[in-house]
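In the block that follows, a single chain appears as structure tokens, in the form predicted alone.
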């Protein structure tokens, strides 16, 4: 509309000039500079409201800040073939590390992958940009369960990416299936896994395991309960080789360790290296979680548009299925599930049956108690 208006004005001006010439009037070419001082002329300062604003173009390269080994690298190639946009991956090891980076003012990330409870914290901190659903039409492919999650009603800021559970991975040819979290929290020097086990280097996940074992709510803010969990975590250190959120499954698959506290899909991926690697959720229960695709508030308009294009691409059924088959995590994408093999959909490690799921807990924001969790976790890590 504005381009049309401008051309109409120019045609009318030209007709007016021709009329003046026909009538013997004089016209003067507009000056390009004032007679003295080089001041800007009227032509140079004339308003340009009729000029259409430049349309935002997607950035040609974006950084995806993701958990390690969480997406099939071929997805990046397919996305670039289709859009010309390059995706560069960077990795973090915990939600708290991700939060610290953003709160510390680090910029340049276009897409991040926080877990459920962390999404709510980031919304409260003003760290996330609202999604333009017009740029993400494939959001319609999400299963009903994941369209209005409590930590982000209406998927205003994020789109669910993958979901899974937290339990114990072990070498089934050397260790009986762990029935209880006691294998970690009641260390036995005579057990074959003594000194050959790890726990996640993640405050909320490790505290959740201890709290569930003690019979407490993994989202408790009761300081006495948290101190009891801290003491239990310190007690467990005697039987651990360390804390690890990146390579724990590989250490078990290689036989260096026999047990590890970790995420379901990571152990299933590592089965490709050792078929004896198994995964279980202890009888007391465990954690269920969903990771999400979000855009930091610090993203530029160009990065945000490219990020929304990337999120929409991931929500395509074929791409969603490809990602789940790569990382062995359950998909929140109902249309992608239709493309997944039956044995995958029926695997209780990927999709826990109802009786197991009833004992699983989502981690939730704990408000000011986040600082308490972190202080007690620092005490656990510092203890001999």
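Numbering follows the first chain given and starts at 1. None of these values were measured; they are calculated from a predicted model.
Keep in mind that the form predicted together with a small molecule is not shown, yet the notes after this line are about it.
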Item to check | Heavy atom of residue 257 within 4.5 Å of the small molecule in the model of the complex | outcome: no
Next on the checklist: Taking the small molecule as it sits in the model of the complex, is residue 155 near enough to touch it, meaning that at least one heavy atom pair lies within 4.5 angstroms?
Outcome noted: no
Checklist entry - Within a 4.5 Å heavy atom cut-off, is residue 325 in contact with the small molecule in the model of the complex? => result no
Next on the checklist: I'd like to check something about residue 335: if you look in the model of the complex, is any of its heavy atoms closer than or equal to 4.5 Å to a heavy atom of the small molecule?
Outcome noted: no
Next on the checklist: Which residue, 141, 115, 206, 241, is the contact with the small molecule in the model of the complex, using a 4.5 Å heavy atom cutoff?
Outcome noted: 115
Checklist entry - Looking at 259-267, 169-177, 184-192, 102-110, which lies within 4.5 angstroms of the small molecule in the model of the complex, counting heavy atoms? => result 259-267
